[in-house]
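Here are two versions of the same chain, shown separately as structure tokens and labelled structure 1 and structure 2.
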Structure 1
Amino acid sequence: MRNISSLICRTAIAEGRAKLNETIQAVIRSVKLDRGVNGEKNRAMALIVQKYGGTSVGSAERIQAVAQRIVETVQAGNALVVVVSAMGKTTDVLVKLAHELSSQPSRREMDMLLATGEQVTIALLSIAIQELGQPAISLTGAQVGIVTEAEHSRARILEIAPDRIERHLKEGKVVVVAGFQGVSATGDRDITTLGRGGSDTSAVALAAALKASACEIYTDVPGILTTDPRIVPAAQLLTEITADEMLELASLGAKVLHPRAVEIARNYGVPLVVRSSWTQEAGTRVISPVPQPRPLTGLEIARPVDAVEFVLNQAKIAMLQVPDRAGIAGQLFGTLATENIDVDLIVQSIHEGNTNDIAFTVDRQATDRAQAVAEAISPVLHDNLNPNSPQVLVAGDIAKVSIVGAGMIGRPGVAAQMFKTLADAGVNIQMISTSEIKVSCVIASADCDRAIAALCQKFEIDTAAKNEGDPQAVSAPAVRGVALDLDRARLAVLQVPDRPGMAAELFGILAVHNINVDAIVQSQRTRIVSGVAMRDIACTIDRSDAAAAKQVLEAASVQLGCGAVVVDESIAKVSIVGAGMIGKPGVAAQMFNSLAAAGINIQMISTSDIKTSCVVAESQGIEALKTIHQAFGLG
């Protein structure tokens, strides 16, 4: 009897201690949560935003697995906001249903329809979390205060009112938010959707508004890889990548993160991590620079240009009528690298007949050596058959001016505004090179001050900065990743009058019709037609825009005095991206030589500080990607 009484007593004491311990832990979590959300005193508490894609929540079993991970994150002492996509292929099913009823369903009604997919997921996930004993609440985009433009199917976020989320977090709840959606700021406050990548965008925007410690993007791959693993199974996982590198890769077709999400992370300094939903591995960290203070109003429609940069004391070397065959660019830039000559911009224009032009810029101190290399290699490139045919032109007194900003991604017309601003200031553009977040123009040094002043005024930048390179590039590998874009077309306008303002006119017309351009190159040779010097201008655009772009430019070409408009849809663009390629001679040459060794001819070249892109035949695109990936030892 005494033993039974003793057992009951010990059990009661143990249960009392357990309840007391649970109470103490609950109080500790409450204190941590309250102070963590408000950014006061106790920094041990982390506020984390997690996003789970459609594959991660594609079934009841997967939702339960996600719920378990969420509860474990909370039990580790974190406050948590979770953003989810629609389950599996739900969005595709809803789109198909709509098109069974109408060939052109209303965009407003499509937003109303598609927003239901995420609402199903948030309710189910909240139920699963609650079943594990963790309080949770599901909220739509409108309920958490995601306010957008009144633009159905592709709205941008204007602002987020985080008050309700913060209130629920203080109550100890996990807040589960429907991604991809918001509510319009004007009119009848209709439901809006954000377009492709909308859930990523929702998650990072919420992290910025809440000043979260991190935003974790959970997906069906282990993180960000050196290239598409479906094409190259040996692609490696990256432990980290800079935001600028990720912007370039995302805009080139890497679908793990949408450029809009990376743009917000970069602009607001949101620590971003891409991880697998199926493992506990660390994934890939996306490192953003320390951001300039900026308001949260106009969150996604902030000014597209953050900085105006310039580089002085440069020279341009142009080689005209270079044979259009595989290996030419590799020979030229391989020789320059052997002589330790660092090349900045490289542009290879579209071919004319069986030749094309290649131009590049170097530091002015390297002008004589670069010119000597170009002149020495010209007869070799022409097989010594006609050594006097090619021409090497040198402009030894040039400068490079650039506009920089993640906000220019997907916004047609920013480059055109730059070109028009320079034309209005009487500045002629000698060379153009573009990337997703930077547009650079080579101009005469004498025009540099005037160009900088005009660009700063146009884009409301206080002071231009001398380009000293990216400090993150010091320890970065020369090539971080390789991307292939098979959805491009090349658009060329032949015989464009060589005078200030022509590039602005052409790209302004495309911008008015909402056609976004990618790589832009301008030929170096001029031809005199009826007493007027003419050049060719080419760019790459989305293949779906090719027919419309050709039509609108042909309609304007007669008035502008231009020649034919030519479109080639059978191209692919392959690119290397790496912050570490700055100041490292030979990186581009390695890319060109690897393509030449595989018998792949380069039809067009465009570069920026951290990216080199080559246009090749579409039929050789996948082979080009595999070749370059292997050449840089990324497998």
Structure 2
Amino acid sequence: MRNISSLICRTAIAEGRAKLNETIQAVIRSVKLDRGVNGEKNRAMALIVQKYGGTSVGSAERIQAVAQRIVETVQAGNALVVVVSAMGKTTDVLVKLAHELSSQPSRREMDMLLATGEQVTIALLSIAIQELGQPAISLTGAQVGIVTEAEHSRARILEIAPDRIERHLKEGKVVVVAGFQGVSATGDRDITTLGRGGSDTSAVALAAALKASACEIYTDVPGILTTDPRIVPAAQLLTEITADEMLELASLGAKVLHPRAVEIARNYGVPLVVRSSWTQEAGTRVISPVPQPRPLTGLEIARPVDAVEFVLNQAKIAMLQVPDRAGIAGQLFGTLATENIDVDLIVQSIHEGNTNDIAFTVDRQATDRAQAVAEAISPVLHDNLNPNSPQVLVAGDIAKVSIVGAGMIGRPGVAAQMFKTLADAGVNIQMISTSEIKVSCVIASADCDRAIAALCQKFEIDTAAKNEGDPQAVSAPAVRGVALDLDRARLAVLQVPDRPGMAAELFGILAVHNINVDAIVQSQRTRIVSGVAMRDIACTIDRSDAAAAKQVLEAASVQLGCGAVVVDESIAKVSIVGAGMIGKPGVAAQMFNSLAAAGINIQMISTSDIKTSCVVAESQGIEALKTIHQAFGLG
């Protein structure tokens, strides 16, 4: 057990050796032919960073196949930096071993342990490449100067010193780097890891630091598909996807790319492609907008917010006390779509008793028509199902302010800072919408100028921009992909006093404990408790943070005058993502209707410009994903 990695490798090597001998010899011959008389290679033309995931290097044969691919790329005239993951399921095996010894192993020791997995692969791959006659050298994260924060198990990269890699490249070597790991900038320069799946991030960060002409992620699927092919075998390969869409999909459960890798690609304009390790197919290109210049120091932590945006002349319509059963959201948004009314944000809050609130925003010109649709549906619900009359509330004079930036991923403090800034400016938040790269708050129009000024000052932005939509969106499909996240929990704080600053307080506390939140929704209804108007606030969080979040919020809730803190771990979040859904009425309705047709009740809805997410019962998650994927004809 102690020497588990080497054991896995030795067995694998023994199995593969015989079969490979022939191939190796053939490749060596071809490599020798390709070199000049002195064995010197032509100067490399392009610098490429390639990353190979766990399955791709899961055995000696596979390492051999990867080595061959690498040599071919070098022969084509490229300089190559290769980043690798641990072999197969090695990281999982190591985690399990540690948990046999302790239920809460030290995060420093976990990093020390897990970093060994990648170290095995770099040495083996270098050996395999050298065996093909191509000079290569393996280096750990520390050796290539991947300097990170001291935050064990989720360290962000601060800087990469390119000197040593550049030296070895000049010597004509392929540089093989251990993914997922770095070394802390401060203190004792301990080994850190970037978080599970972090080798993608190592690769793209290296590509940015070395100004490589491309970063290629090689994996066990042909590229990025419309959804996880392990759950939906009919999923289709995408030839391209925008970085914004991929950021959403990756964070909503599509583990094919680490979201932070997409963030770095987007921020630095790194050409990124995801391809199969087994075939020569082109794979999927991740398209980034032209990046703003930014320094390479503080690589993952510089400037979380790039822009402050606003949309004026909006109206908010809220339907209160909607019965908690499948089909109503579909009916409401389906009718709005039939009337050609474009809905921007949608939130459905947690249910009190057995009713929900559903709120949405529309262009102010559409207020009367949207209100009429909501009011037409209300009495139907009332007569048939709900003893209490549902109501429709209209706020005809609202605006949406947003902070935008790929650097806010995984940084819970950024949203909390926005809420705090608005609270300090005396601005009450009526609705919140979060995505990976954007937090939007719906506020009264009268507060808009003040809110923008405060946000620009806080996040050091010169001028706020009117949100004109994404130019890439025009050609993008309404739904590019569907994702399922089974690792989330729903967290709700009941009876939160309705005054500026409460969201800032609650999410500030979670941020201090490094707990990331998304899909924040507030109930639209206020309830008067001892003379104070109260709302409920809910969000989704990582399931592994659920216990900690409940504990810290329960302590704070009493002091802040809030009610109970409720956690539900048996949820699933299913989401559709597509830049083309902006300005296309009916996309959300189609999602809601397909869930209703399958008898799946929606517990919570949250949206951003390019995604719609629904929380459903965990037991219905996979069925929900399949249903939606089919409903949009993606198979």
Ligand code: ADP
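Along the sequence of structure 1, residues get numbers from 1 upward. Owing to the predicted nature of the structure, the values given are computational and were not obtained by experimental measurement. Under this definition, the rigid core comprises the largest set of C-alpha atoms superposing within 1.5 Å between the forms.
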Taken from the structure described, the form predicted in complex with ligand ADP is structure 2
Taking the rigid core as reference, does the Cα of N516 move 2 Å or more between structures 1 and 2? no
For D449, decide whether the Cα shift between structures 1 and 2 is 2 Å or greater, given a superposition on the rigid core. no
With both forms fit on the core, is the shift of the CA atom of R369 between structures 1 and 2 2 Å or larger? no
Provide the displacement, in Å, of the CA of S106 between structures 1 and 2, taking the core as the superposition reference. 5.8
